[in-house]
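Shown below, as C-alpha coordinates, is a lone chain in the form predicted on its own; questions about how it binds or moves come after it.
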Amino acid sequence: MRYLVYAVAGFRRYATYRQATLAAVFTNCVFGFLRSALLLAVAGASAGAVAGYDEQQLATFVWVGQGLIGVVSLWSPPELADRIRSGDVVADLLRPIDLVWQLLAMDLGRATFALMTRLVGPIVVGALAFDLFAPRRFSTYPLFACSLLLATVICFGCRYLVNAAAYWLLDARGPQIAWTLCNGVLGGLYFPLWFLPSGAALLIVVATPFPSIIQLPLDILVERGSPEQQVVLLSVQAVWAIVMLAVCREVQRRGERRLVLQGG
(Lines give C-alpha, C1' and ligand atoms only; values in the text may rest on other atoms or scores of the structure.)
Protein backbone atom coordinates (compact mmCIF):
# COMPACT_ATOMS: atom_id res chain seq x y z
CA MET A 1 0.00 0.00 0.00
CA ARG A 2 2.82 2.41 0.84
CA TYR A 3 4.30 1.90 -2.63
CA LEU A 4 0.94 2.80 -4.17
CA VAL A 5 1.14 6.10 -2.30
CA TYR A 6 4.54 6.79 -3.88
CA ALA A 7 3.19 5.86 -7.32
CA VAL A 8 0.32 8.33 -6.91
CA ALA A 9 2.80 10.95 -5.74
CA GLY A 10 4.90 10.37 -8.87
CA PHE A 11 1.83 10.75 -11.06
CA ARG A 12 0.71 13.96 -9.36
CA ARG A 13 4.20 15.43 -9.42
CA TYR A 14 4.56 15.19 -13.19
CA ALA A 15 0.94 16.10 -13.85
CA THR A 16 1.72 19.60 -12.54
CA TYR A 17 4.21 20.29 -15.35
CA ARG A 18 1.64 20.75 -18.13
CA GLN A 19 3.60 23.26 -20.21
CA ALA A 20 6.73 21.11 -20.06
CA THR A 21 4.67 18.11 -21.18
CA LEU A 22 3.25 20.02 -24.16
CA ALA A 23 6.72 21.25 -25.10
CA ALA A 24 8.09 17.70 -24.94
CA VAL A 25 5.25 16.36 -27.12
CA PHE A 26 5.88 19.13 -29.67
CA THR A 27 9.61 18.36 -29.74
CA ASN A 28 9.00 14.65 -30.15
CA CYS A 29 6.62 15.31 -33.04
CA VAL A 30 9.17 17.51 -34.82
CA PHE A 31 11.78 14.76 -34.61
CA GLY A 32 9.10 12.27 -35.61
CA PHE A 33 8.69 14.01 -38.97
CA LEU A 34 12.45 14.11 -39.49
CA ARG A 35 12.93 10.42 -38.65
CA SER A 36 9.91 9.42 -40.75
CA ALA A 37 11.28 11.20 -43.79
CA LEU A 38 14.63 9.47 -43.40
CA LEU A 39 13.40 5.92 -42.76
CA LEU A 40 10.65 6.06 -45.36
CA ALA A 41 13.21 7.23 -47.90
CA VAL A 42 15.30 4.16 -47.03
CA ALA A 43 12.23 1.93 -47.43
CA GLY A 44 11.37 3.57 -50.76
CA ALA A 45 14.86 2.88 -52.04
CA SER A 46 14.41 -0.76 -51.04
CA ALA A 47 11.17 -1.39 -52.94
CA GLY A 48 8.97 -0.38 -49.99
CA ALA A 49 10.41 -2.72 -47.35
CA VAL A 50 13.67 -3.06 -45.47
CA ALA A 51 14.88 -5.45 -42.74
CA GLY A 52 11.42 -6.97 -42.40
CA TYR A 53 9.59 -3.62 -42.02
CA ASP A 54 7.22 -2.21 -44.63
CA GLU A 55 6.44 1.50 -44.83
CA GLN A 56 3.47 1.29 -42.44
CA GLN A 57 5.52 -0.57 -39.86
CA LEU A 58 8.39 1.90 -40.16
CA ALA A 59 6.07 4.87 -39.71
CA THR A 60 4.58 3.22 -36.62
CA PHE A 61 8.05 2.38 -35.36
CA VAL A 62 9.00 6.05 -35.56
CA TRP A 63 5.90 7.65 -34.07
CA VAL A 64 5.26 5.20 -31.26
CA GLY A 65 8.98 5.28 -30.56
CA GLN A 66 8.82 9.06 -30.15
CA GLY A 67 6.02 8.55 -27.64
CA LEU A 68 7.95 5.87 -25.77
CA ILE A 69 10.78 8.32 -25.08
CA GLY A 70 8.61 10.03 -22.48
CA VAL A 71 7.04 6.87 -21.08
CA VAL A 72 10.28 5.07 -20.28
CA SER A 73 12.08 8.41 -19.66
CA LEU A 74 15.30 7.96 -21.61
CA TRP A 75 16.76 11.14 -20.16
CA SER A 76 18.36 10.52 -16.77
CA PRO A 77 17.42 13.27 -14.29
CA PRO A 78 20.33 13.69 -11.86
CA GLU A 79 18.13 14.11 -8.78
CA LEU A 80 19.39 10.99 -6.98
CA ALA A 81 23.02 11.72 -7.93
CA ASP A 82 22.66 15.26 -6.59
CA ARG A 83 21.22 13.97 -3.32
CA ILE A 84 24.08 11.51 -2.97
CA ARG A 85 26.67 14.22 -3.61
CA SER A 86 25.06 16.62 -1.13
CA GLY A 87 24.45 13.93 1.49
CA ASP A 88 20.68 14.48 1.47
CA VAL A 89 20.24 10.82 0.49
CA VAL A 90 20.86 9.96 4.16
CA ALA A 91 17.35 11.24 4.93
CA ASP A 92 15.99 8.85 2.29
CA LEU A 93 17.88 5.93 3.78
CA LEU A 94 16.47 6.62 7.24
CA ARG A 95 12.93 5.99 6.06
CA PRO A 96 11.54 2.50 6.80
CA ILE A 97 11.22 1.68 3.11
CA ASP A 98 13.58 0.37 0.47
CA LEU A 99 14.94 3.24 -1.64
CA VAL A 100 15.02 1.25 -4.89
CA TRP A 101 11.38 0.16 -4.63
CA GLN A 102 10.32 3.62 -3.52
CA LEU A 103 11.86 5.27 -6.57
CA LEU A 104 10.55 2.53 -8.85
CA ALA A 105 7.00 3.11 -7.58
CA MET A 106 7.34 6.84 -8.18
CA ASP A 107 8.72 6.18 -11.66
CA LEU A 108 5.78 3.93 -12.52
CA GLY A 109 3.46 6.74 -11.45
CA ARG A 110 5.35 9.12 -13.72
CA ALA A 111 5.15 6.61 -16.57
CA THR A 112 1.38 6.31 -16.15
CA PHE A 113 0.99 10.05 -16.64
CA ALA A 114 3.35 9.98 -19.63
CA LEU A 115 1.37 7.10 -21.11
CA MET A 116 -1.71 9.32 -21.29
CA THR A 117 0.12 12.35 -22.66
CA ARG A 118 3.62 11.79 -24.05
CA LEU A 119 2.62 8.56 -25.84
CA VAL A 120 -0.81 9.57 -27.10
CA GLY A 121 0.30 12.92 -28.54
CA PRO A 122 2.85 11.65 -31.09
CA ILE A 123 0.62 8.73 -32.09
CA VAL A 124 -2.28 11.08 -32.88
CA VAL A 125 -0.03 13.40 -34.90
CA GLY A 126 1.57 10.46 -36.70
CA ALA A 127 -1.81 8.94 -37.51
CA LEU A 128 -2.96 12.23 -39.04
CA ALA A 129 0.14 12.58 -41.22
CA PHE A 130 0.97 8.96 -42.09
CA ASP A 131 -0.66 5.60 -42.61
CA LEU A 132 0.25 3.81 -39.40
CA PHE A 133 0.23 0.07 -38.82
CA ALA A 134 -2.57 -1.38 -36.69
CA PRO A 135 -1.81 -4.76 -35.08
CA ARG A 136 -3.73 -7.55 -36.78
CA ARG A 137 -3.46 -10.06 -33.94
CA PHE A 138 -5.41 -9.46 -30.73
CA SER A 139 -2.62 -11.04 -28.68
CA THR A 140 -0.32 -8.20 -29.72
CA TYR A 141 -2.12 -5.70 -27.49
CA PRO A 142 -1.58 -7.46 -24.12
CA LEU A 143 1.94 -8.44 -25.19
CA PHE A 144 2.75 -4.82 -25.99
CA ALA A 145 1.29 -3.66 -22.66
CA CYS A 146 3.51 -6.13 -20.78
CA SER A 147 6.46 -5.16 -22.93
CA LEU A 148 5.90 -1.48 -22.17
CA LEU A 149 5.84 -2.16 -18.43
CA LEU A 150 9.05 -4.19 -18.61
CA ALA A 151 10.71 -1.51 -20.75
CA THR A 152 9.88 1.10 -18.12
CA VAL A 153 11.32 -1.07 -15.34
CA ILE A 154 14.50 -1.77 -17.33
CA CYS A 155 14.98 1.89 -18.17
CA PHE A 156 14.47 2.79 -14.51
CA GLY A 157 17.15 0.27 -13.59
CA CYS A 158 19.60 1.77 -16.05
CA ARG A 159 18.92 5.31 -14.87
CA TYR A 160 19.20 4.26 -11.25
CA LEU A 161 22.62 2.70 -11.84
CA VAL A 162 23.80 5.80 -13.68
CA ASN A 163 22.81 7.98 -10.73
CA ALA A 164 24.08 5.52 -8.14
CA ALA A 165 27.55 5.88 -9.66
CA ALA A 166 27.70 9.06 -7.56
CA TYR A 167 28.27 6.86 -4.50
CA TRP A 168 31.76 6.27 -5.88
CA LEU A 169 32.38 9.12 -8.34
CA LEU A 170 30.42 11.88 -6.55
CA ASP A 171 29.92 13.49 -9.99
CA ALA A 172 27.77 11.23 -12.22
CA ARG A 173 27.87 13.40 -15.33
CA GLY A 174 30.27 11.04 -17.10
CA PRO A 175 28.02 7.97 -16.73
CA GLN A 176 25.01 10.11 -17.70
CA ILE A 177 26.66 11.12 -20.98
CA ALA A 178 27.58 7.50 -21.70
CA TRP A 179 24.00 6.44 -20.96
CA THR A 180 22.60 9.08 -23.32
CA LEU A 181 24.83 7.87 -26.15
CA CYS A 182 24.19 4.16 -25.60
CA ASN A 183 20.42 4.27 -25.20
CA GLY A 184 19.98 6.01 -28.54
CA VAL A 185 22.42 4.03 -30.67
CA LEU A 186 22.01 0.60 -29.07
CA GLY A 187 18.36 0.97 -28.07
CA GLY A 188 16.84 1.35 -31.52
CA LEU A 189 15.84 4.97 -31.07
CA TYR A 190 17.77 6.36 -34.02
CA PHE A 191 17.17 3.42 -36.35
CA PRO A 192 15.88 -0.17 -36.03
CA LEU A 193 18.72 -2.40 -34.91
CA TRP A 194 17.76 -4.98 -37.52
CA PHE A 195 19.19 -2.59 -40.13
CA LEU A 196 22.54 -3.90 -38.85
CA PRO A 197 23.91 -7.33 -39.84
CA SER A 198 21.70 -9.94 -38.19
CA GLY A 199 24.50 -11.36 -36.04
CA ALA A 200 25.44 -7.96 -34.65
CA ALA A 201 21.81 -7.01 -34.02
CA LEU A 202 21.09 -10.28 -32.23
CA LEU A 203 24.17 -9.88 -30.05
CA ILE A 204 23.12 -6.38 -29.00
CA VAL A 205 19.57 -7.53 -28.25
CA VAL A 206 20.65 -10.45 -26.09
CA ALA A 207 23.78 -9.07 -24.44
CA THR A 208 22.68 -5.53 -23.54
CA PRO A 209 19.55 -4.09 -21.88
CA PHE A 210 19.23 -1.13 -24.26
CA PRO A 211 17.15 -2.80 -27.04
CA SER A 212 14.63 -3.96 -24.41
CA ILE A 213 13.71 -0.32 -23.78
CA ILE A 214 12.70 0.84 -27.28
CA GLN A 215 13.48 -1.73 -29.98
CA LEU A 216 11.74 -4.82 -28.59
CA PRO A 217 8.46 -3.15 -27.56
CA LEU A 218 8.20 -1.64 -31.04
CA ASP A 219 8.98 -4.96 -32.73
CA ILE A 220 6.18 -6.54 -30.73
CA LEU A 221 3.76 -3.74 -31.64
CA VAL A 222 4.42 -3.78 -35.39
CA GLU A 223 4.28 -7.60 -35.39
CA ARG A 224 7.71 -8.13 -36.89
CA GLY A 225 7.69 -11.90 -36.65
CA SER A 226 5.34 -14.61 -35.47
CA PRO A 227 3.48 -14.69 -32.13
CA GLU A 228 6.11 -17.12 -30.86
CA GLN A 229 8.85 -14.62 -31.72
CA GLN A 230 6.93 -11.92 -29.87
CA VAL A 231 6.87 -14.10 -26.75
CA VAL A 232 10.62 -14.67 -27.09
CA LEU A 233 11.22 -10.91 -27.24
CA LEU A 234 9.05 -10.45 -24.18
CA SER A 235 11.02 -13.16 -22.38
CA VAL A 236 14.27 -11.33 -23.14
CA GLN A 237 12.80 -8.20 -21.58
CA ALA A 238 11.61 -10.12 -18.51
CA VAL A 239 15.10 -11.51 -17.94
CA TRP A 240 16.67 -8.08 -18.23
CA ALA A 241 14.08 -6.56 -15.88
CA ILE A 242 14.95 -9.13 -13.21
CA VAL A 243 18.67 -8.67 -13.77
CA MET A 244 18.51 -4.88 -13.62
CA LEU A 245 16.47 -4.80 -10.41
CA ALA A 246 18.80 -7.33 -8.78
CA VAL A 247 21.84 -5.27 -9.79
CA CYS A 248 20.19 -2.10 -8.50
CA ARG A 249 19.58 -3.69 -5.10
CA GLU A 250 23.17 -4.91 -4.88
CA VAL A 251 24.60 -1.56 -5.98
CA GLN A 252 22.42 0.24 -3.46
CA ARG A 253 23.60 -2.08 -0.68
CA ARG A 254 27.23 -1.47 -1.56
CA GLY A 255 26.58 2.24 -2.03
CA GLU A 256 25.18 2.54 1.46
CA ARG A 257 28.34 0.96 2.86
CA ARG A 258 30.44 3.30 0.73
CA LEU A 259 28.50 6.29 1.97
CA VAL A 260 29.25 5.34 5.57
CA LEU A 261 32.95 4.90 4.79
CA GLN A 262 33.00 8.43 3.36
CA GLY A 263 31.50 9.73 6.58
CA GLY A 264 28.21 10.67 4.86
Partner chain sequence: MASGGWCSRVDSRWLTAYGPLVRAQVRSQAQYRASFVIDVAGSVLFGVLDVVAVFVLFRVSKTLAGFTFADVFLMTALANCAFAIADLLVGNVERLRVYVRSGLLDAVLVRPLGVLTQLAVMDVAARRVGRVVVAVGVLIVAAVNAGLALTAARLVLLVVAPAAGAVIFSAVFVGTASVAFWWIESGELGNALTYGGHDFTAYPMPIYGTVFRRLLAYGLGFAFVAYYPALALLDRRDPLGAPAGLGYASPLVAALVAAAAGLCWRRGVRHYRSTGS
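What you see is a predicted model; the values in this text were computed from it and never measured. Numbering follows the first chain given and starts at 1.
What follows is about the form predicted in complex with its partner chain, which we do not show.
Partner proximity in the predicted bound form, defined as non-hydrogen atoms within 4.5 angstroms of its partner chain, places exactly one of 189 to 197, 139 to 147, 95 to 103, 119 to 127 at the interface: 189 to 197. When its partner chain is considered in the predicted bound form, only one residue from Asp171, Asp88, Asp131, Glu79 comes within 4.5 Å through any heavy atom, namely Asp171. Under a 4.5 angstroms non-hydrogen atom cutoff, its partner chain in the predicted bound form lacks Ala207 among its neighbouring residues. The closest non-hydrogen atom of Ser235 lies beyond 4.5 Å of its partner chain in the predicted bound form. Interface membership of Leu202, defined by any non-hydrogen atom within 4.5 Å of its partner chain in the predicted bound form, is ruled out. The closest heavy atom approach of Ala15 to its partner chain in the predicted bound form falls outside 4.5 Å. For a residue to qualify, one of its non-hydrogen atoms must sit within 4.5 Å of its partner chain in the predicted bound form; none of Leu161, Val239 and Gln252 qualifies.
Within 4.5 angstroms of its partner chain in the predicted bound form, the stretch 231 to 251 places no non-hydrogen atom at all.
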